[in-house]
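There is one chain below, alone, in structure tokens, taken in the form predicted alone.
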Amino acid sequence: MSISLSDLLKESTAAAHEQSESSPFVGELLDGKLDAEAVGALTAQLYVVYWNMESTAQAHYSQNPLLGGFLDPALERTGALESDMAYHHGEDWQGKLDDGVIPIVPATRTYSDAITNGHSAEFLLANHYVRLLGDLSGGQIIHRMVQRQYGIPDAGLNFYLFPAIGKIKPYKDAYRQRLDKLDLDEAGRKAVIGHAQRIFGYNGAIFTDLYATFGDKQRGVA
């Protein structure tokens, strides 16, 4: 019996997943060694990535047989991130973002360019898997720890809240079952897996860029 796509994705990205989780930025953020400004900066990067991912998916793949079944409105994060941006950066956050007052790190721009210029159904499916299942898993830990360490209320952490999906574990299980029922040939499976590995790299690079700023602040480097 061939191994399922969900198991292949989990196994093939395990090392990249561990590397991302052990990044200095994430470690120091969760240990309370940074500050609320770092949370706001991370929120800005997430907004740019999710706006590009969700708008591209809706514009090109809402009826796609490979991706369409995964575009559940209950999972969409752009609206939640808009609320979080207003909390962290003020009601005029969009203008600040457009004017460069809110910094977007190079790795975020690289990732976003890959989404908008190199997209395919397989690429966006891999994005959906890496980002959304991560938000439903490790994202819940980040929510609890950030709230504990920096006193940020849910009004600034909407991104990590999924009120419309019910219990998280059954939803994740059903998501993986949908993955395993996809009609993908071997080349398609390999494409999704390869994209997922790249996407972990993009996300890790964002943490590296953020740490270059906020890690230096924590160490008192100008």
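These figures come from a predicted structure and were not determined experimentally. Don't overthink the numbering: it's just position in the shown sequence, from 1.
The next section is about a form of this same protein that is not shown, the form predicted together with a small molecule.
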Residue within 4.5 Å of the small molecule in the predicted complex by heavy atom, from 33, 60, 190, 176, is 176
Single option in 142, 97, 71, 80 placed near the small molecule in the predicted complex, where near means a heavy atom within 4.5 Å: 142
Evaluate residue 198 for contact with the small molecule in the predicted complex, applying a 4.5 angstroms cut-off between non-hydrogen atoms, and reply yes or no. no
Are any of the heavy atoms in residue 165 no more than 4.5 Å from a heavy atom of the small molecule in the predicted complex? no
For residue 184, is any heavy atom within 4.5 Å of the small molecule in the predicted complex, or not? no
Non-hydrogen atom contact residue 26 with the small molecule in the predicted complex at 4.5 angstroms: yes
Which of these stretches, 113-121, 127-135, 85-93, 147-155, has heavy atoms within 4.5 Å of the small molecule in the predicted complex? 127-135
